[in-house]
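Take a look at this single chain, the form predicted alone, given in structure tokens.
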Amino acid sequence: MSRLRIGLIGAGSIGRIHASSVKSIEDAELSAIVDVRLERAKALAEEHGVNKVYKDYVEMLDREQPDAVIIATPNYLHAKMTIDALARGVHVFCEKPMAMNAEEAEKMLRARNKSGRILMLGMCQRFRNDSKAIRNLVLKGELGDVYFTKITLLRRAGIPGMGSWFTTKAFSGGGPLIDLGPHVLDLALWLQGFPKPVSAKGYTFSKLGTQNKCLGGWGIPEPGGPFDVEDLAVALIRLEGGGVMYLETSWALYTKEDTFNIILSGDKAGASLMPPCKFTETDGKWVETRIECQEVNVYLEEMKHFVECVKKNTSPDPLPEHGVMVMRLIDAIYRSANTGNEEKV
């Protein structure tokens, strides 16, 4: 196969990042850019020397017949666009979350199976060198039986695109749980070999967004638009095998500082992602070992992996099956927050 011809669907914030990544990959090229705001597509196309722009992704698929597409659109479009592309024999890289819910995600998986094409999800946190280092500790058995995982991704003032699709449940599916949650839930499960989630007890709050406070820099605000999603989600998750995970994630929260970390606790040792280190007890003394890791451009690394998988016809990491499992877990957390009960995944 010659250079992989990739169509980009969505020229917003994350679409721009993916466009830059493709431009840096020798074996790939952007063949067309699609956005409902045609001027935005034209501006990005001019930046990257792309000649074809479209407002309608179906027209682009049928006219350009790309080898692959990147779907970087609002959440409610992920499933339909992925299924439409796969039905035309096009490989798909789909941004997180996989879909609005597990039902849509399962339809995407069936479409992947029917097409025989590759479907990869944008779980870029797996491509961090510190993530890989911590995962290697777990896989080598250095932590022993991992029985407790604490997942923290808190933004103090990070509500994206206030009033836009981000803060409109009908288009986004929810707030930080479905926006940030897929990254950290996928990563926490992947670090420990992806045990199956069994049940979840969840809580969601909408306290600061409803006051138009704690706005962030991501997305394009639409003044006067709705905020009908959560701005904080908390959950306790039971895993097959007896382990538990605790999740806290926010767009807006009066807390000391923005925080991102995953801490794994096993019966031999523990490990922290930020900063990457291992901690244990030796001869009655506490020992903490820092792990030196070089930073990488995770968006570039994941796109290189996608291109390689398509060209070599190999399975991507992450698998879409993992995406389905994460969506089932998110669904269970939302259900639990509504019912007040622990819900099965």
Ligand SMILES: NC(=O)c1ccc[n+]([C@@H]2O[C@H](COP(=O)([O-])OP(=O)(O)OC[C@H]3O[C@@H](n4cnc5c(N)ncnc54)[C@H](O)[C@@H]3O)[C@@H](O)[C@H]2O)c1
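Keep in mind that this is a model prediction, so the values were computed, not measured. Position 1 is the first residue in the sequence shown; the rest follow in order.
This protein has a second form, the form predicted together with the ligand, left out of what is shown; the following refers to that one.
J.: Name the stretch, out of 92-100, 185-193, 198-206, 240-248, where some heavy atom lies within 4.5 Å of the ligand in the model of the complex.
T.: In the other structure, the partner sits against 92-100.
J.: Which residue, 290, 63, 312, 37, is the contact with the ligand in the model of the complex, using a 4.5 Å heavy atom cutoff?
T.: Exactly one residue meets the criterion: 37.
J.: Which one of 181, 158, 173, 74 is close to the ligand in the model of the complex, taking close to mean a heavy atom within 4.5 Å?
T.: Looking at 181, 158, 173, 74 one by one, just 74 meets the 4.5 Å heavy-atom criterion.
J.: Is residue 83 close enough to the ligand in the model of the complex to count, meaning some heavy atom within 4.5 Å?
T.: Residue 83: no contact with the ligand in the model of the complex.
J.: Answer with yes or no whether residue 218 is in contact with the ligand in the model of the complex, where contact means some heavy atom within 4.5 Å.
T.: It does: once the ligand is placed as it appears in the model of the complex, residue 218 has a heavy atom within 4.5 Å of it.
J.: Can you check whether residue 20 is within 4.5 Å of the ligand in the model of the complex, heavy atom basis?
T.: No - in the model of the complex, heavy atoms of residue 20 and the ligand never come within 4.5 Å of each other.
J.: So in the model of the complex, is the ligand close enough to residue 117 to count as touching (4.5 Å, heavy atoms)?
T.: Residue 117: no contact with the ligand in the model of the complex.
J.: Relative to the ligand in the model of the complex, which residues of 148-179 have a heavy atom no more than 4.5 Å away?
T.: Stretch hits, in order: 165, 166, 179.
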